[in-house]
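Below, in structure tokens: the form predicted alone, a single chain.
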């Protein structure tokens, strides 16, 4: 099976989409952006191939959804264990030797937390659910596991441990851990899946073309002929998902893009933010870190507010200071956060106006399109001045740029 690969290297995440020659999405992959961009692209691509493999397994053996889910859970849990072993070895190297006995105890506690969510019997646990959640990455889950274990034991200083973990993760994160299904130990797979693995190699997609895009596209290990601008790729990806798309709003980690498409789906004009990461994913992420809130919890918490407290700072760092000042002044956290999300939407609407306005239909793409407070606020503002406007948000909005890149690769075949 011939396929093309699109890679979207963003400032916070790297996305990959595998596309058949008929234009069907075969698999999607995502990872956090690492210091080594070649590794980021490789891991995202491997995730997309694994995603395609699991779908092909279902068609090969007519496997149930439950069996496929169990297969993925076992694979991801086994891979997570391998990563933890390498991380622990690195942690022992970077930490003071006097901490070694305490580190061994922590490692055992972390293993127990994983044992509670062993996928061999389909059991569910918080940790395993996090491992399966594509919006969470190994770095975040491992850090939380170790720090939680340290708090329960009270035998190691948390700040010292966090510093050691940061160094250990930096030393190990650029190792490619993910394996293809046919490289995985048979013991990690359900009995119904094992006899299908040899057949999988014969039908696995063969990548015949690739295109890279995104904020860090110039750093991808691709020749210049295999690079496209993110404006073009987001426009093409949005048009593929929604053929009636005329305006595209993309809010990623580092920038916001307002794109206008003509009746043929070609980019007619565009406008991007010109002030660092203000009003983007990192803007929200920075405030979440300052307040000790998970990024995925930011939107739901803001949606509980009855009113929005205005946040006026356009600088990411100053916004964090302003949020803290408002909280010290007695404002409710959820109301300040709703004000923060409204600031993001207002900046996005300003960019749309400068790009030429909003034409039916509007497609919202990028990682921030998954933030329910931003989506709700955007809908509220659009309802005032664009009551008849169609707003499209695809469940896989974060992959739109990678999808567009894969479509461009398809055109070169």
Partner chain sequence: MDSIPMKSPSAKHFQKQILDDYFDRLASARDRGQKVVYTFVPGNLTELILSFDLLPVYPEVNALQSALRGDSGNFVKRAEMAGHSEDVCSYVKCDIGMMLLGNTGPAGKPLPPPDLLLLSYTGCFTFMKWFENLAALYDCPIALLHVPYQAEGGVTPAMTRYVVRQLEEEIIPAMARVSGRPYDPEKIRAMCALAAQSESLFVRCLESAQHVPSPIDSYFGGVFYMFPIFTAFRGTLEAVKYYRLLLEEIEKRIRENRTAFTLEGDLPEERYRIVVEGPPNWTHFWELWKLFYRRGAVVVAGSYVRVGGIYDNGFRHDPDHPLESFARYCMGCYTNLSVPARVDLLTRFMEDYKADGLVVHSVKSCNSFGAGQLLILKEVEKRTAKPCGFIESDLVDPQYFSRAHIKNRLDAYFQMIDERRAYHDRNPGH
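Positions refer to the first chain, counted from 1. Computed from a predicted structure; not experimentally measured.
Here the subject shifts to the form predicted together with its partner chain, a form of this protein not shown in this document.
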- [ ] Identify, from the list 269, 160, 89, 312, the residue with a heavy atom within 4.5 Å of its partner chain in the predicted bound form.
- [x] 269
- [ ] Quick one: from 247, 273, 210, 71, grab the residue that has a heavy atom within 4.5 Å of its partner chain in the predicted bound form.
- [x] 273
Open item on the list: At 4.5 Å between heavy atoms, is residue 61 in contact with its partner chain in the predicted bound form?
Closed with: no
Open item on the list: How about residue 341 - does it come within 4.5 Å of its partner chain in the predicted bound form, if we only consider non-hydrogen atoms?
Closed with: no
Open item on the list: Taking any heavy atom pair closer than or equal to 4.5 Å as contact, tell me whether residue 322 reaches its partner chain in the predicted bound form.
Closed with: no
Task: Exercise: residue 234 in contact with its partner chain in the predicted bound form, heavy atom 4.5 Å - done: no
- [ ] Would you confirm whether the three residues 262, 353 and 411 all fall within 4.5 Å of its partner chain in the predicted bound form, going by non-hydrogen atoms?
- [x] yes
Task: Interface segment, criterion being heavy atoms within 4.5 Å of its partner chain in the predicted bound form, picked from 103-111, 201-209, 330-338, 221-229 - done: 221-229
TODO: Using the arrangement in the predicted bound form, list in sequence order the residues of 71-86 with any heavy atom within 4.5 angstroms of its partner chain.
DONE: none
